[in-house]
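Let's start with one chain on its own, the form predicted on its own, as structure tokens.
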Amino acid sequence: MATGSGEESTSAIMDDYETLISTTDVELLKRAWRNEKAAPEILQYESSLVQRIKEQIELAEQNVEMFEADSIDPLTVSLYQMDLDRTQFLLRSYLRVRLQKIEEYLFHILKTDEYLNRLSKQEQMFARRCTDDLGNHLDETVLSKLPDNYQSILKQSITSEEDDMVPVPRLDTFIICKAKQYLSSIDFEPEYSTEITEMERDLLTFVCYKFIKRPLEKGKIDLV
């Protein structure tokens, strides 16, 4: 019995070690980028992570310049530059995916506090500026020439009860995900408890996105 307990303890330590070595900031950024790219809705902005990555990029740029000035081995400089380029690419891709979602669901994001609070201050400024510019453009080119009942950007007509011209994220989209730990029914939204009851660790699962929103937001699931 003691032997089994010792083996379990060793296994847990190895799992923790593997998790630790796989969660550098670059790996965390790669994970955030994958999740953002696969999710049908915009996710929470990773402000602390992005700030750390920016600082690391700045330090890496200084190191490359110093190595070049000191005539360090070109291969060493090249390796540092490759690592720098990879990190910059990931950061730009992450931010670009978010901007694309903001543009696609612009009006829905701005009228939904949950989504608006997921944006960085710069993204919020971008969204509001886009709304103003788009509204002015449509008003000057199209809306002002339509009958009064059809001059809304958000509704097909003044009689519409909802904003039926505003695109919204499709949360019923099916995605592929992988749990970072074993998940039971209590980890999922109660209203979907009959749809999904458990998820094994590291097992690829094809599932409706809205079923796994809660564990995804808590960092218990990665999208693929």
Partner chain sequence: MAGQSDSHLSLFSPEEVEFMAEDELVEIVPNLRMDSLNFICGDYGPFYPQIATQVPFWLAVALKKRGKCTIRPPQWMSIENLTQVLEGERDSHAFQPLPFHYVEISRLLFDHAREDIPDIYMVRSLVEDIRDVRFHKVETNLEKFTASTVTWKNMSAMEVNIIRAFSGRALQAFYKHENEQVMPDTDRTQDRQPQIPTIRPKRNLKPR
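On a predicted model such as this, the values are computed, not experimentally measured, just so you know. Numbering follows the first chain given and starts at 1.
FYI, the form predicted in complex with the partner chain isn't displayed, but the following is about it.
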Would you kindly say which of R86, R129, H137, K145 lies with a heavy atom within 4.5 Å of the partner chain in the predicted complex?
R86
Looking in the predicted complex, any heavy atom of L110 within 4.5 Å of the partner chain?
no
Does the partner chain come within 4.5 Å of any heavy atom of K180 in the predicted complex?
no
Can any non-hydrogen atom of D70 be found within 4.5 angstroms of the partner chain in the predicted complex?
no
E114 versus the partner chain, in the predicted complex: is there a non-hydrogen atom within 4.5 Å?
no
Members of 28-43 lying within 4.5 angstroms of the partner chain, judged by heavy atom, in the predicted complex
K30, W33, R34, K37, A38
